[in-house]
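Let's start with one chain on its own, the form predicted alone, as structure tokens.
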């Protein structure tokens, strides 16, 4: 969950209906030559992120993506090509275009393969940012399947015991359907915090808490940086040796292996800023057991966790996906908050491109 001082509020954001945000993001992307189908996929994922409270990966990024396309950093229109394929696996090339499009296709293929053979997976190279990684397991969950996805990134995180950045933030997401309870949707960076939270803290002009990052000398860094370099690094999940930094470090390398090494696209130190390789997997529950029975047991597990007495001062015990589902229910009803500066940027970009303004 976001820290209180990083949450959007009435003074630093404006509420916009989700449908209008979707139309605006799609229009901006189409304004720089993105095919409508690809713009719609990207807009859907960006709006879903903002709806679920993951502002760092939400609609505010649309302008940046459109500029990357215009500057030739992304190839648009893109071609997502199948390089190798078996009944249960696929290696795809994103075609150096929008990562959302290839990751979406990779999960669609994973789901189709799982439906036939029980499990399907795809690894994707030549890619870029895919946004909120949870969006892709959620596609599998909607089909009564278990889903998993991960993506690697250029170096930003120090190895456990290391003093320089060598690994990406490398997030992992997992989803499983429930019955009467909310679906289990887990999404985490393998660093102590997603890099977007540092960028958000910088935009809002607030300090980072101790533990997010360190200098090259190992001293806590609290002033958010806007650049990456060898003079500072984010901490792996766990932070210190005593708190299990080797676990976050190891998980980050698992992501590098499945996304970067398996695809041939490259691992952290081989990637440039903005390059991301991806891996997706779907598991068809029905190939193992009755889906309704699976969901009923998921409900039992989730209820047991919710019924756990909370620590003093805490309201309730949460399960992965609870905070995001709360955000989504509220924002579908009342509108999605968009940072004032990002709202202005989106409107200015739409005017610059000569596309319709919806917000």
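Bear in mind that the values here come from a model prediction, so they are computed numbers and not experimental data. Numbering follows the first chain given and starts at 1.
Omitted from view is the form predicted in complex with a small molecule, to which the following refers.
**Student:** Can you work out which of 201, 109, 194, 283 has a heavy atom no more than 4.5 Å from the small molecule in the predicted complex?
**Tutor:** Filtering the options by heavy-atom distance leaves 194.
**Student:** Pick from 145, 255, 157, 189: which residue has any heavy atom within 4.5 angstroms of the small molecule in the predicted complex?
**Tutor:** Looking at the other structure, the residue within range turns out to be 189.
**Student:** Going by a heavy atom distance of 4.5 Å, is residue 63 a contact of the small molecule in the predicted complex?
**Tutor:** Contact check for residue 63: no, nothing within 4.5 Å of the small molecule in the predicted complex.
**Student:** With the partner left out of view, is residue 57 within 4.5 angstroms of the small molecule in the predicted complex by any non-hydrogen atom?
**Tutor:** Yes - in the predicted complex, heavy atoms of residue 57 and the small molecule come within 4.5 Å of each other.
**Student:** Although the partner isn't part of this model, could you tell me whether residue 123 comes within 4.5 Å of the small molecule in the predicted complex, counting any heavy atom of the residue?
**Tutor:** It does not: once the small molecule is placed as it appears in the predicted complex, residue 123 has no heavy atom within 4.5 Å of it.
**Student:** Using the partner position in the predicted complex, report whether residue 259 sits within 4.5 Å of the small molecule, counting heavy atoms only.
**Tutor:** Output for residue 259 is no: heavy atoms all beyond 4.5 Å of the small molecule.
**Student:** Identify whether the small molecule in the predicted complex is within 4.5 Å of every residue in the set 105, 266 and 271, based on non-hydrogen atoms.
**Tutor:** Not a single listed residue reaches the small molecule in the predicted complex, so no.
**Student:** To test your reading of this chain, name the stretch in 111-119, 85-93, 164-172, 70-78 whose heavy atoms come within 4.5 Å of the small molecule in the predicted complex.
**Tutor:** In short, 164-172.
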